[in-house]
Every structure is written in structure tokens, then in C-alpha cells.
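There is one chain below, alone, in C-alpha cells, taken in the form predicted alone.
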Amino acid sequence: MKMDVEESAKETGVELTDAENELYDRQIRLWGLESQKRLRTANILISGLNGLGAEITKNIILSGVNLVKLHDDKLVTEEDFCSQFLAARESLGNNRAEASLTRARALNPMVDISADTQPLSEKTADFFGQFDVVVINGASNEELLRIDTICRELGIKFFATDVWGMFGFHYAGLQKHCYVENVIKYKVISKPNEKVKYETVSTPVQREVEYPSYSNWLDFNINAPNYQRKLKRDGPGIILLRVLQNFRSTYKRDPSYKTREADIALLEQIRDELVPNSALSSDTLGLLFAQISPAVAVVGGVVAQEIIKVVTKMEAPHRNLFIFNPETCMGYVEQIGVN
């Protein structure tokens, strides 16, 4: 489903019901009726129903989209209870997507919500083609690259995201994205010889921006001198992301609190191989176990906000890599593959 800045056929014919107008009244006041109509027609895939996936799901359902597909082939574990609030305690051992359905549907009965438990690796272009936005959480780089390539061919907006402990990221692969941005200017309204007074004037301006593919992140050189100069300002977040993704690709799992000391040693080994004498400390590597609720709330909130921007075509989405730094508990945006 390719999304253009012009009204699509499914958007132009949609009208909100009285119940929808009442339910979404505050949102309509915030971003306007046309934006809410766009949300009302959007179909969203959220893959990976851990704590981060639950946070994104909650925010997207409450925004009032048309359809949300919850996808996961993994089971609920004790580790999920750190931040996964959609799956009840008694669902331990059940599929995470199916276990999240009851509470997800209770958030907004006007949204069509369903679950899919087939492994992500078995999903083809026909599956992803049903959606306007695809959000993949907890997958390997190889799988993220495969899905991003499919989404680019189909004109579907793609987000890769993840949280490890207190660290998180998201990457926006939006291809050519069109949006409207309000440009603020100040107009002089005072008369001559009077104290100068200004009036704020907001003018909507249409913009078009190219978002590079996920392969640009995989090809990014973290040892490049121009990036190394940024480390003091931003911290070693990008190095940390590369270390964690290499760990997942190598060991087919994430660092576990059950093997904490051994996994910290493995992370240190990967760090030293990738970036010798890096600014990434061993203390920071100790902050990467399970998914901690505050980090999930921040990263999940940011991802949901970016999805809403993309669907409503209002304001500029992050371009293109968002990093949440576990040491400072602050986020920043790094442009990857942008000239």
C-alpha cells in the first residue's frame, strides 16, 4: 500500500462516525480532522510483542487506526513481565501475540486487531503488502534487510526497532516521503514610531524527503574519523547498537540475565573486535538485560509518534536513526546514508 501526500482513494471517501468523533475529539483538536481520517484508514503491522511491541501497540491502537496485526511466534516468558503489560501473568508459556489480544482489544474496540503466529522468516511480499506501515522488533539484521527490501519494492513504510535493557533504537526506512510542515514566521504588526510588535504566522509547506534503505546502516563505518569525532557529544550509542546486533547474529539470541557475567564477557569481546579502545565501557554493557519499562516507554512512544507522523503526513519524521542512550537516558537522531 503505497502512501502519497495526495489523498488516496480510501482516504477521500472515509467519514468518521459520531462515536469516533467523540472518542477522538482531543486528537482531532491536536492534529486535525483530515489527519484523523488518514489514521482511520491505516493498516499497521507490529511484529515482536515483547515490552517494546506492547508499548507501540498501545499507542497505535489508541490513535485510532483501522487495523493492527500483532505478529509473534515466540512464547511469553518471565522476562516479558519486566515491561510486557498486554500479556496477563497466567499467559506464561502461551504465544505472545495471542496472549496480548484481549487487553489490546479492550483499549479501543473500534480498531480491528488480530494475531499471527507464523515465523517472520516465512512471511513473503504478499503478507507485507497488506499494510501501510511495517514495524519489526527483535529481528536479526539479515531479516530486517530482507523485509526493508520488500517494503521498498512495494512502497510500504518500514521501521526497525529494539530495546535491550535501558538501551534502544529505531531506524526509519520511509523511501520517498511527502509531508506537510508548518513554517513559522514573524510579521510586524505595529505602526511606525510605535514599539515593535510581532504576530506569529504559520504557513503549511509541502516537503519531500528521501530516506535511505536499511542497508546504509549495515554499511555504516563506526570507525570512520568523522563519526569518532561525534562520540564525545553523543556517546557510544551507535557502537553499542552494532555490538548488540552482532551478538544476536552470532549467538542467535540476546544477552540473558540468566548468563549475565558470561554474556558481558562475550559483549566485551565483540566490542574489542569491532572498535578497539572504544569509549563503550563495561559498566554500560551491564545495562542491557531484559527490557526495562522506562526505556520501553520512551522508545515505544517515539516509534508510535513517528508512525503517526508518517500516516498523517504531518511534520517531518526522524531521519533516520534514533538512539536512546542508557547512560544519559536521553535520545538523539543520527543521519545514516544521508548526503
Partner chain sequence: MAAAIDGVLPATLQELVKKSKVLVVGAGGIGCEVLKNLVLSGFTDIEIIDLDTIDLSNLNRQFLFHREHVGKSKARVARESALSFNPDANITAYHDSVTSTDYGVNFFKKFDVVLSALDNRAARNHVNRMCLNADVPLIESGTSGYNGQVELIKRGLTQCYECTPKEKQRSFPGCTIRNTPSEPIHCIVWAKHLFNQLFGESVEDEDISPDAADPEAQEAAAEAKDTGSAGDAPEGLNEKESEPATANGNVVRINTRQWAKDCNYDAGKLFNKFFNEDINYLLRMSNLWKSRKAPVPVQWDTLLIDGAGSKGPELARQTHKIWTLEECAHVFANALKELSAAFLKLEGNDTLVWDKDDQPAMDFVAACANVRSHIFDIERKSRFEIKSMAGNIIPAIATTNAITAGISVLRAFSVLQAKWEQCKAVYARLRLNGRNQFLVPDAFFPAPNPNCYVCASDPAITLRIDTKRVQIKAFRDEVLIKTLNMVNPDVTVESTGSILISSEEGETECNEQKLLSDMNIVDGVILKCDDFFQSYELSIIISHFDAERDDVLFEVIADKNQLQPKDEKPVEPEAEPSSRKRAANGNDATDDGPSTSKRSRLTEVEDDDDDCLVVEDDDDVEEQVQESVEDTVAAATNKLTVDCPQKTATKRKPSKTLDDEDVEDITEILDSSDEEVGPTKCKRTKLEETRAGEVINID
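Keep in mind it's a predicted model, so treat the numbers as computed, not measured. Positions refer to the first chain, counted from 1.
Although it is not shown, the form predicted together with its partner chain is what the next lines describe.
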| query | finding |
| --- | --- |
| Close approach of residue 333 to its partner chain in the model of the complex, 4.5 Å, heavy atom | yes |
| Contact flag, residue 184 vs its partner chain in the model of the complex, heavy atom cut 4.5 Å | yes |
| Partner contact for residue 69 in the model of the complex: its partner chain, 4.5 angstroms, heavy atom | no |
| Close approach of residue 224 to its partner chain in the model of the complex, 4.5 Å, heavy atom | no |
| Stretch in contact, per heavy atom within 4.5 angstroms of its partner chain in the model of the complex, of 136-144, 85-93, 236-244, 214-222 | 85-93 |
| Listed residue (311, 65, 295, 45) with a non-hydrogen atom within 4.5 angstroms of its partner chain in the model of the complex | 295 |
| Sequence-ordered residues of 253-268 touching its partner chain in the model of the complex, heavy atom within 4.5 Å | 257, 260 |
